[in-house]
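First structure 1, then structure 2: two forms of the same chain, each alone, as structure tokens.
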Structure 1
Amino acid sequence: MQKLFVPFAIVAAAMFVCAPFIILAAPYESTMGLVQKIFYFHAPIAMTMFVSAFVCGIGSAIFLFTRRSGADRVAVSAAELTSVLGIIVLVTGPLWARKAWGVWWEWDARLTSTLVLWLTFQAYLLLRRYGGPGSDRLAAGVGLFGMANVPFVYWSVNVWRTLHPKTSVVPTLQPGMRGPFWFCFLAFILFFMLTLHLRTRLEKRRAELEALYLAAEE
């Protein structure tokens, strides 16, 4: 991974440079106008966020059952990324909602599930920050439960919302929009992997530093 980091970083950077042009070239959506373009950021980031949440959940489970601290480092990095990506989704979502439905917040199934998931991982980080010694194992339990909860939240919010259907949700993708969409998704996944790697490495360095402090004491 260390060797591949720089080439991957260059690819990701190049993709982010190209992205605005590709998005500009994508078909213009007449009812939504320019605001529709936010979709190319909003949806890929939301998908990346769910990937990140699952990485944290799986890392937590591995840490819980094998006590491998490497898995915990991946889990905490992924939880922080989930939190950051979640903020972007929760800011861009209402921007879209304002234009599409005329309200800032619509209790749409996807947006609501994102909010719940974001809260879960916020709780994970709060526990690690304020829980005192040993809270890494406790947080791993929360990470695992949070991941298992995703289908339940999505399903229940979905059924709850379809009880009172109000607005038509995201318009189906036109063929010309699909290319730019997946391009952006790929760019964000790459970005996610790179930041996850960096953050995990930082955590590893921190652990090494702790070990050095302990060794120096002897």
Structure 2
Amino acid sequence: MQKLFVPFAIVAAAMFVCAPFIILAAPYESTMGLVQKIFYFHAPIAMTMFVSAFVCGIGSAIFLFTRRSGADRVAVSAAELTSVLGIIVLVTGPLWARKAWGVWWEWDARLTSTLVLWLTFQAYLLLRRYGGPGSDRLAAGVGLFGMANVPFVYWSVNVWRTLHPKTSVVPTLQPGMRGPFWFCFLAFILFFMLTLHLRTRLEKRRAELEALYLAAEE
């Protein structure tokens, strides 16, 4: 990954530069018009947040069963990224909702469950910082719980009546919208992978520095 980091970073930067032009060229939605184009950021970021939550959960599971420190580093790094991506989702969603629905926030199943998912990863990070001895294992359990929530958040629109459209929207996008959407999704996934790599390396260096401090004290 280290050798490919720079080429991937260049590709990701180029994709983010091109994304606004590709989105601008996409056809307008018949009822919402221009404001609908926030969809090309909001939905891919939400999907990337789901991927990040799964990475955290899988890393947490590996750490719980094997005690591999590398898996723990990936889990805590993914938890931080899930938190950041969640903030973006919870901001871009109301910006779109205000124009589309006439309200900034509605306590429907998708919005509420997304907020709960985000709060779950805040709990994970708070445990890691202030939980004391054993907090890494306790936080790993929270990470697993957060991952288990992802299918619930995704499928909630198909079970309850919500203002959000059902999950069939993306597969049925018209051709002019499908390409820009998947282009943006790939851009965010690539950005996530690069950021996760950097954050995991930083966590490894932090652990090494902490070990040096402990050795010096002894």
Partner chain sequence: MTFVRTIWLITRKDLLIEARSKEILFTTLFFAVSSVLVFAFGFVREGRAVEDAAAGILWIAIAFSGTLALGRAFERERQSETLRALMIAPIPRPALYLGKLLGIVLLLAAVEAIIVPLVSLMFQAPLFTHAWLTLGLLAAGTIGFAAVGTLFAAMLVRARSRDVLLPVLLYPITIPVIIAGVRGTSALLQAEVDLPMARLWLSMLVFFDVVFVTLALWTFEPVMTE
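All residue numbers here refer to structure 1's sequence, counted from 1. Values in this document were obtained by computation on a predicted structure and should not be read as measured data. Under this definition, the rigid core comprises the largest set of C-alpha atoms superposing within 1.5 Å between the forms.
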#### Entry: Panel number for the form predicted in complex with the partner chain
1
### Query
Taking the rigid core as reference, does the Cα of S83 move 2 Å or more between structures 1 and 2?
no
### Query
Superposing on the rigid core, do we see a C-alpha displacement of 2 Å or more at A109 between structures 1 and 2?
yes
### Message
Could you state, for a rigid core superposition, the Cα shift of L212 between structures 1 and 2 in Å?
### Response
3.1
